[in-house]
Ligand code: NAD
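Next up: just one chain, as structure tokens, the form predicted alone.
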């Protein structure tokens, strides 16, 4: 098969809520894209920082102008409710000023003056050509969280969105171009796994910023393990616990659990996968949770009344989640609420809740959809131990208890995001976002993205050469 034939291959994205084809385009020529990015980088990096900031601020204004069109596009291509797509667009806009502040705070220029020793300074330089690999669940907000800080720092971007959300990725990149960011500085890459591998392996890229599955992150890490010159930031999801201990507000606790587990149809990396609950609270909490879950509306993005959740991303994903639910059921799980698929032709799933307390070998995997596993424990010590019973470590939340309980929880939980009486999801972009274990490689995004978008350079400087050797010389 010739390369020319490969480049004619087309990718198609589909509307989850209808199954109809939504967008199609030809696969990108990876070599040519990298070449153009490498050629564009020196001029972009040489731009004054103020110029780059001005361009990303213009980008934010372009997003504001196209906000409703953008939200409609995201809702159609992901299946998420329109109200949620609108909040995603708001996050894209807000990311610009957050990134400007973060760059100043995290990478600000420092000088230490000394009359005899000159000036010691610390400044930051961009890495160069950065590959951004985006996910389908937040196809604008999450890649934008890499792109904006990387552009401010002076990098150029090769952005390959998920092949399931190509229209959103193209729209995002077009807004950068409309704002005046040169086309070769931010490029839209069409492709799938093979094109992602080609990008990562290309010797002329300088780093990879990835949000996605554990398998994808491990593959990137293996590919680049022998090349420490490449900067790699990985965000790979989690098997996140929400722990409920004594509280008089069980209805509120149930709402926090439902928000954590089922928002975005469970397709959030910070979604609660496991509910860990004290034995004596189990019956009343589950009663509240089941009553609330029965009321959640599952429907297409533009339905009236507005749905709480839409479909998962596609039929294949829905089928895998159904198989996972059956696996839990047939290996010791007790169904509390069946996960149902009303129409086999479409990927709508209702929330599923299953008690896996007596399951001997609970799988430590990220079930990326509306499945909540419930585990009963005897006391707070057991709850903390169960919450930590995972190789992942992205997000964890404690519901109930007092300040001392939360301090103990915070001190003992292994996670990059630890909340109290709040959902496991919904982290602030003004804080670092990342995890430990199999959830990430200690390069948190959001406010700390500036840390991996530029590297520090230490210098000592004097206006004129001034030196002498005061010891170890022969007499003249």
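Residue numbers count along the first chain shown, from 1. Note that the structure is predicted; figures quoted are calculated from it, not measured.
Beyond the structure shown, there is the form predicted together with nicotinamide-adenine-dinucleotide (NAD), which is absent from this document and is the topic of what follows.
S.K.: Hey, in the predicted bound form, does residue 211 get a heavy atom within 4.5 angstroms of nicotinamide-adenine-dinucleotide (NAD)?
M.R.: Judged by the heavy-atom cut-off of 4.5 Å, residue 211 is in contact with nicotinamide-adenine-dinucleotide (NAD) in the predicted bound form.
S.K.: Is residue 182 one of the residues lying within 4.5 Å of nicotinamide-adenine-dinucleotide (NAD) in the predicted bound form, judged by heavy atom distances?
M.R.: Answer no; every heavy atom of residue 182 is more than 4.5 Å from nicotinamide-adenine-dinucleotide (NAD) in the predicted bound form.
S.K.: Does nicotinamide-adenine-dinucleotide (NAD) get within 4.5 angstroms of any non-hydrogen atom of residue 196 in the predicted bound form?
M.R.: Judged by the heavy-atom cut-off of 4.5 Å, residue 196 is in contact with nicotinamide-adenine-dinucleotide (NAD) in the predicted bound form.
S.K.: Residue 137 near nicotinamide-adenine-dinucleotide (NAD) in the predicted bound form, any heavy atom under 4.5 Å?
M.R.: Flag for residue 137 set to yes.
S.K.: Of the listed stretches (372 to 380, 93 to 101, 157 to 165, 225 to 233), which one has a non-hydrogen atom within 4.5 Å of nicotinamide-adenine-dinucleotide (NAD) in the predicted bound form?
M.R.: Selected stretch: 157 to 165.
S.K.: Does every residue of 41, 126 and 149 put a non-hydrogen atom within 4.5 angstroms of nicotinamide-adenine-dinucleotide (NAD) in the predicted bound form?
M.R.: The answer is no; none of 41, 126 and 149 reaches nicotinamide-adenine-dinucleotide (NAD).
S.K.: Only one of 289, 277, 269, 312 gets a heavy atom within 4.5 Å of nicotinamide-adenine-dinucleotide (NAD) in the predicted bound form. Which one?
M.R.: Only one option qualifies, and that one is 269.
S.K.: Taking nicotinamide-adenine-dinucleotide (NAD) in the predicted bound form as the reference, which of 219, 121, 357, 259 has a non-hydrogen atom within 4.5 Å?
M.R.: Spelling it out, the residue with a heavy atom inside the cut-off is 219.
S.K.: Within 351 to 373, which residues come within 4.5 Å of nicotinamide-adenine-dinucleotide (NAD) in the predicted bound form, counting heavy atoms only?
M.R.: Residues within 4.5 Å: 366, 368.
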